[in-house]
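In structure tokens, the next block holds one chain alone, the form predicted alone.
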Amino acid sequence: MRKFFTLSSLLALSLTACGAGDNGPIKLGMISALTGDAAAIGADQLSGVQMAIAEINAAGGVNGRQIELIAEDGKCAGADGATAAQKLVNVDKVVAIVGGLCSGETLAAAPIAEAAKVIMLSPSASSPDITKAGDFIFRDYPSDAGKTKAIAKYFADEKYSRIAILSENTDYSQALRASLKKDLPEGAVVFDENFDPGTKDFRSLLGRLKDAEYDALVSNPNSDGVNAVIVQQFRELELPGQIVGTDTMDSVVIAQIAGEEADGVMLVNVPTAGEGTSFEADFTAKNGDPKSSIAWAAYSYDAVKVLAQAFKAVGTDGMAVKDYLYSMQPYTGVIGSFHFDGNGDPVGLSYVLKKFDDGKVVTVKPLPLE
């Protein structure tokens, strides 16, 4: 059960916020994929976090204290995520962590943060398993439990009744696969194959699709780089049917690797937060064009801003920040207006259908779940 405010905890919050007397920097950790197949997404996340911190520090910091960022490479892998969390919590003594990027590194880091009462706020991990990862584990990016319902709705709208799924053996991909199979009609999945991380040649797996009567292939790896290779080799084999991806398909890396072969690929994800706004203009002026998508920077930027709001209100004690986040009024940021439910998941975010057109990801239509 989630913990709520009591008279004693309110008093503790007041003392923490007003009487700490610590003028040193606030150490904020970050875990993301700074190298590897998802490094383009990680680069945009890091830039978004750095933008938020720079703005906060330039405005005087948090109650007069500057935020100091300590970023670690989780490599989109559980073991590396756990190692990064151990360092941030036990060596660097951070007060909170933005991350991880991928669900695997987030789930591996969560028990470490939970035991130390250190808040983790992920801007991108979407596995339904994160919902129950701990009282100190939050995300401002929605669970795949809703996303797979939106994908199932898209398939129903298009009358795609025979679905093929190609999934990586990672926490993120397997959780999404299980959720999607649950949301599709019985018997709809006619092809369901897995592959190990590090796989680069999918021709043999994809070749089996020739014997399967299918309407759409769900490409379900852990990163945009692997998605791009799957798209490229699918087209090379001249296979029929619609390619459909999710959030790991939402990246210009797909078009950079697959070229014009990416055109026509569909995906279901949250709206492209920040697109066409002053945030995107500021980001581009400081960092150049996003390496993957402006949305990854936006979710990371808002994660820092929410944490800074909590620090300003109640100080940096983990228990105090946790209670603040659970009772937080809707926060309106670059990604929209949201608050957290009793599991630390965001409330108020939605899904859209997108497609690749002339090398760019464009929004096609909303996919309401009701």
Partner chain sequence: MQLLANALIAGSLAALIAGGLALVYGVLGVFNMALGQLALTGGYIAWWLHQVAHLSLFVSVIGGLISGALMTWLTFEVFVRPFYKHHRFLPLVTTIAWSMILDGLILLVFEERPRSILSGGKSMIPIGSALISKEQCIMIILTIASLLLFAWVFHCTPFGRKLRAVVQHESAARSLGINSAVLHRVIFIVSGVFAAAGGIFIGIDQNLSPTLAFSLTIKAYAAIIAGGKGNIWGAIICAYAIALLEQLLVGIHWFGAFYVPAGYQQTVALLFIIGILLLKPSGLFRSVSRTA
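Residue numbers count along the first chain shown, from 1. Nothing here was measured: the structure is a model prediction, and the numbers come from that model.
Not on display, but discussed next: the form predicted together with the partner chain.
Visitor: Would you check, heavy atoms only and a 4.5 Å threshold, whether K153 touches the partner chain in the predicted complex?
Guide: Contact check for K153: no, nothing within 4.5 Å of the partner chain in the predicted complex.
Visitor: Just to confirm, S278 within 4.5 Å of the partner chain in the predicted complex by heavy atoms?
Guide: Residue-level check for S278: no, no contact with the partner chain.
Visitor: Taking 4.5 angstroms as the cut-off for heavy atoms, does G241 touch the partner chain in the predicted complex?
Guide: Heavy-atom contact with the partner chain at 4.5 Å: absent for G241.
Visitor: Can any non-hydrogen atom of I112 be found within 4.5 angstroms of the partner chain in the predicted complex?
Guide: Result no; I112 lies far from the partner chain in the predicted complex.
Visitor: I need the one stretch from 145 to 153, 265 to 273, 222 to 230, 82 to 90 whose residues put non-hydrogen atoms within 4.5 angstroms of the partner chain in the predicted complex.
Guide: The contacting stretch here is 222 to 230.
Visitor: Of D129, E261, D215, D247, which one comes within 4.5 Å of the partner chain in the predicted complex, counting heavy atoms only?
Guide: Selected residue: E261.
Visitor: Pick from V334, A40, I67, V306: which has a non-hydrogen atom within 4.5 Å of the partner chain in the predicted complex?
Guide: None of the other options qualify; the answer is A40.
Visitor: Note that the partner chain is not shown here; using its position in the predicted complex, name the residues of 202 to 225 with a heavy atom within 4.5 Å of it, in sequence order.
Guide: Sequence-ordered list: R203, S204, L205, R208, K210, D224, G225.
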